[in-house]
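In the block that follows, a single chain appears as structure tokens, in the form predicted alone.
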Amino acid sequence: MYQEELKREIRELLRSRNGVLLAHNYMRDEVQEIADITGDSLALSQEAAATTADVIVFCGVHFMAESASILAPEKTVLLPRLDAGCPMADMVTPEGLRDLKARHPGVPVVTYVNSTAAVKAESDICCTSANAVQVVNSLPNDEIIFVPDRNLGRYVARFSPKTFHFWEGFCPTHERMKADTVRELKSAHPDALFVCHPECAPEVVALADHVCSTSGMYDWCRRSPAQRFIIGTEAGILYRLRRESPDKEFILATPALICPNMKLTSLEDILLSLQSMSPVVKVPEELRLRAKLALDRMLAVPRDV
């Protein structure tokens, strides 16, 4: 009953504030349940820009709220837990990226959206896990700098003839999944298909029946005739997978696939944020315009490049 009361109060405040609640696919089940929209980081930011709401409550991590602020500067963007960060995003700094660019003059920087606004501002174009191959191949250059995820970069390199210069960043959660564990699960469940995120290590990706973004997993698993799946991404995705395909079985590849930052935000945090209208995430205008340019270039890339 306590949770139901929290949810009721949150919904009432959202109505009175003309707010919308966005939740990333990795959020706690109860947060996804109450959200107006769930999705991956960029899709949620695009929803934030498109909505008529005045207040965006972003249940995710810091770089996601920054992206919402970049695309919707006129709206108030609330991040209920300001300490919800992303270790991979923090692995690259603007200064470090400028040094790498100086070592490879004229080489364009392709930056994963899982990055800070300051890093996006130093980049030529952004990408998501879903469109990274298209973005990279849309560039006329023979070389690229790929930041910050080395695993996503190496996955993309399988589909591109270009020379890559990788930033050695990674997602600690996906990195915890080991190939031996996947092999054991596949042996124990020979009828199960293994689907994983391209943030996983190359040796894990090599074992996958399908590799895709979080949003792509929902569609692929729903359409597949298979009845059992081994899931190689953060545990939060299981909530919607099971809701959309209740007749199918989803096995998390390892209990280690839990991102502590994605699990920080609680219903209590959301309510307090709406009550206090804080913490607010606001990207400074000069930085916002530079970062937005990299996002705009990505959004202009045709999906079939």
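Numbers follow the displayed sequence, beginning with 1. The structure displayed is predicted, hence computed values, not measured ones.
Absent from the display: the form predicted together with a small molecule. The rest refers to it.
Would you check, heavy atoms only and a 4.5 Å threshold, whether F58 touches the small molecule in the predicted bound form?
-> Residue-level check for F58: no, no contact with the small molecule.
Does S41 reach the small molecule in the predicted bound form, with heavy atoms at most 4.5 Å apart?
-> Because a heavy atom of S41 falls inside 4.5 Å of the small molecule in the predicted bound form, the answer is yes.
Partner proximity in the predicted bound form: S213 to the small molecule, non-hydrogen atom cutoff 4.5 Å | Answer yes; at least one heavy atom of S213 falls within 4.5 Å of the small molecule in the predicted bound form.
Can you check whether T116 is within 4.5 Å of the small molecule in the predicted bound form, heavy atom basis?
-> Heavy-atom contact with the small molecule at 4.5 Å: absent for T116.
If we take heavy atoms and a 4.5 Å cut-off, which stretch out of 137 to 145, 107 to 115, 159 to 167, 180 to 188 is in contact with the small molecule in the predicted bound form?
-> Going through the listed ranges, the match is 107 to 115.
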